[in-house]
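For reference, the chain that follows is the form predicted alone, supplied as structure tokens.
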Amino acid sequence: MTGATDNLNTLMGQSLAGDQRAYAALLREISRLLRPFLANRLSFTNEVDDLLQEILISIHKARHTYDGNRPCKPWIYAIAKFRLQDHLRAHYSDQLHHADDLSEWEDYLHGDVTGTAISYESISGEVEKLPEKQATILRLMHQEGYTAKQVAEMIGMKESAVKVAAHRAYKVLREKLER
């Protein structure tokens, strides 16, 4: 492995000295090195390719900061790691931005968008048609007034699982009520 590291260091030194062929070879070696690193951390091939291009551009822009007395590989991986973090942060913040707020779904049990009140009793027939676990969760939360945390303790589930089950039940009820 030191041969590959020495090769990277040599190619970087030559490319900084103006050798275009060494620079092209350096970019190929960096791509070969980083592709598996990114593939293990990202789901889609197109994400890997796009991010790899961004990393290569970042390396190109930052190459003047490389200290020739230090190994090249950790410098490359540091840039790759930061670009990966930026990518994941942007991706997941976008996912969170588009995620449903569970409280919006609960509003459908209390009133629809036009303001007409919907009581639990008026839709209890539809609630009873839901899978047993979902019906029980809604009954405990909306008829008996327990919190999701209390319901989770009562039926032996995690609080997040109770919220997910309630969310799915709200979605089914919403579709039925919109018809």
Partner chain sequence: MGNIDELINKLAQDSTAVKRASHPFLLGSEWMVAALIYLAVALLLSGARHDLWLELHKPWFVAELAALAGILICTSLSAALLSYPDLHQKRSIAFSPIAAFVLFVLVMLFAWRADNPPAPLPVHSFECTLSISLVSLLPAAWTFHVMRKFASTHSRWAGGIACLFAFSVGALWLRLYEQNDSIMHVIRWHYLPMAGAGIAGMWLGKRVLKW
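Keep in mind the model is a prediction, meaning the values are calculated, not measured. Numbering follows the first chain given and starts at 1.
One more form of this protein, predicted together with its partner chain, exists but is not displayed; see below.
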Option from 150-158, 29-37, 123-131, 137-145 whose residues, in the predicted bound form, bring a heavy atom within 4.5 Å of its partner chain: 29-37
Exercise: residue 83 in contact with its partner chain in the predicted bound form, heavy atom 4.5 Å: yes
Interface membership of residue 53, its partner chain in the predicted bound form, 4.5 Å heavy atom rule: yes
Its partner chain contact at residue 41 in the predicted bound form, heavy atom, 4.5 Å: no
Residue 16 within 4.5 Å of its partner chain in the predicted bound form, heavy atoms: yes
Within 4.5 Å of its partner chain in the predicted bound form: residues from 49-88 (heavy atom criterion): 49, 52, 53, 56, 57, 58, 60, 61, 62, 63, 64, 65, 66, 67, 68, 70, 71, 74, 75, 78, 79, 82, 83
